[in-house]
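There is one chain below, alone, in structure tokens, taken in the form predicted on its own.
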């Protein structure tokens, strides 16, 4: 930075002021004409506009303060004009941009192929889950959600799993540690099914209820080709007056046809679930062989896919503690549940459930 001192000004006549400020302006323009690069521009700014050592600050200190009262106005007008000139020169120098050589070095060849950005896609589990939910949404079902960390009461007790029931075996349920001092119904665990959302929904609203409940569940299962300690379920609940088993059969038959094609047939076999009575397992005709028999359906022509049944009156009795409208003498309902991974494996021909969770892009790219 050039450190040129400002001379003392003894004559404050109009002509003397014009001459003094014209000299400073010429000096500023000469200095700005040779600026090149950011460092030079910054040095010019400090030299002329610096708050402590800037030349304009020096002009203000030496000339404005020393001027007689009658000359201050004329001197101030010229000072402001000079400051505007210096700021304009600085702005012009800062915006001059890079040289032609630097522009050529940074030039982009627009004829070269661009960098392809990979677009994401739904995971096959997410896609299958959304397909199932959309089928029931078209039937007027809303979507219910709830916590994955549940209490023993909502996961078991209110679903008619009394203490000592085999499903409470620690080999089947992942329990949060260090809760021995809590009452059994308040102890926390990772939910083993999405059924707790059924009870939470009934406690919050009176019938009629039609909900479908997608979500992640956890069980202490050993991983193999068809089992995983983490998987997904879609459960459904329909409660109203005069709901019958025929309504359940018609609903699931329609859903299976919507998922697998209109040629699919369904059949029901007696089963047992603590929260439904009567209960049934649902089979569909094999989508691979059309019911003729093949290795995938073990030559039976049928594939077991989900469980269902009419809601047990004992479950309604738990709901009635907070919502008296769930009187099992006046209302009825059905529930069903299916594993999302099992359906995804069938739809996409996947033989190992673990492939869904391995994060192998070679596998997942098939579903883009």
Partner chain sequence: MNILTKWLRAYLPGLTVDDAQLAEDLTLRGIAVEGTYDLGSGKGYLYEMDITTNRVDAMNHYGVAREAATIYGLELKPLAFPLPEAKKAAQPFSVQIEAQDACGRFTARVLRGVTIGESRDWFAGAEIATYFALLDQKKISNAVDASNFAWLAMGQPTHTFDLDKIEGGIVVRRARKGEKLKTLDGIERTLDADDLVVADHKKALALAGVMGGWDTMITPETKNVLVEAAWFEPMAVRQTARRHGLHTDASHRFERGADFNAAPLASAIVSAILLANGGSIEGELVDVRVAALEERTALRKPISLKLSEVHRLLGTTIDAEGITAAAVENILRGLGCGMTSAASAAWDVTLPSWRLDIEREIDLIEEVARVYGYNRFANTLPAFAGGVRALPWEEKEAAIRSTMLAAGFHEAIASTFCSAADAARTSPQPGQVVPLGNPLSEEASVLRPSLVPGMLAMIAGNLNRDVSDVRLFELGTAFIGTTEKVEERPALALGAVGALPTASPLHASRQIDFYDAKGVVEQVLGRFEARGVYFDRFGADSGLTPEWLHPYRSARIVVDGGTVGWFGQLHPSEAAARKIKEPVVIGEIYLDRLYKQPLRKPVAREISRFQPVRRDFSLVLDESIGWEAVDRAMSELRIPELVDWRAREVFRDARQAKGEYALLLGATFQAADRTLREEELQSFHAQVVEAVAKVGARLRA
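Positions refer to the first chain, counted from 1. None of the values given here were measured: they were computed from a predicted structure.
Omitted here: the form predicted together with the partner chain. The next part is about that form.
**Student:** Among 226, 205, 80, 92, which has any heavy atom within 4.5 Å of the partner chain in the model of the complex?
**Tutor:** After the contact test, the surviving option is 205.
**Student:** Identify, from the list 74, 258, 85, 230, the residue with a heavy atom within 4.5 Å of the partner chain in the model of the complex.
**Tutor:** Checked against the cut-off, the match is 230.
**Student:** Contact check in the model of the complex: 119, 137 and 253 versus the partner chain, with a cutoff of 4.5 Å between any heavy atoms. Do all three pass?
**Tutor:** Spot residues vs the partner chain: full contact, yes.
**Student:** Hey, of 45 to 53, 61 to 69, 318 to 326, 304 to 312, which bit sits against the partner chain in the model of the complex at 4.5 Å between non-hydrogen atoms?
**Tutor:** Answer to the contact question: 304 to 312.
**Student:** With a cut-off of 4.5 Å between heavy atoms, is residue 338 one of the residues that contacts the partner chain in the model of the complex?
**Tutor:** Output for residue 338 is no: heavy atoms all beyond 4.5 Å of the partner chain.
**Student:** So in the model of the complex, does residue 291 come within 4.5 Å of the partner chain, heavy atom to heavy atom?
**Tutor:** No, residue 291 is distant from the partner.
**Student:** Residue-level question: is residue 360 within 4.5 Å of the partner chain in the model of the complex, judged on heavy atoms?
**Tutor:** Judged by the heavy-atom cut-off of 4.5 Å, residue 360 is in contact with the partner chain in the model of the complex.
**Student:** Does the partner chain get within 4.5 angstroms of any non-hydrogen atom of residue 6 in the model of the complex?
**Tutor:** Close contact is absent here: in the model of the complex, residue 6 is far from the partner chain, nothing within 4.5 Å, heavy atoms only.
**Student:** Scan 11 to 36 and note down the residues that get a heavy atom within 4.5 Å of the partner chain in the model of the complex; none is a fine answer too.
**Tutor:** Contacts from 11 to 36: none.
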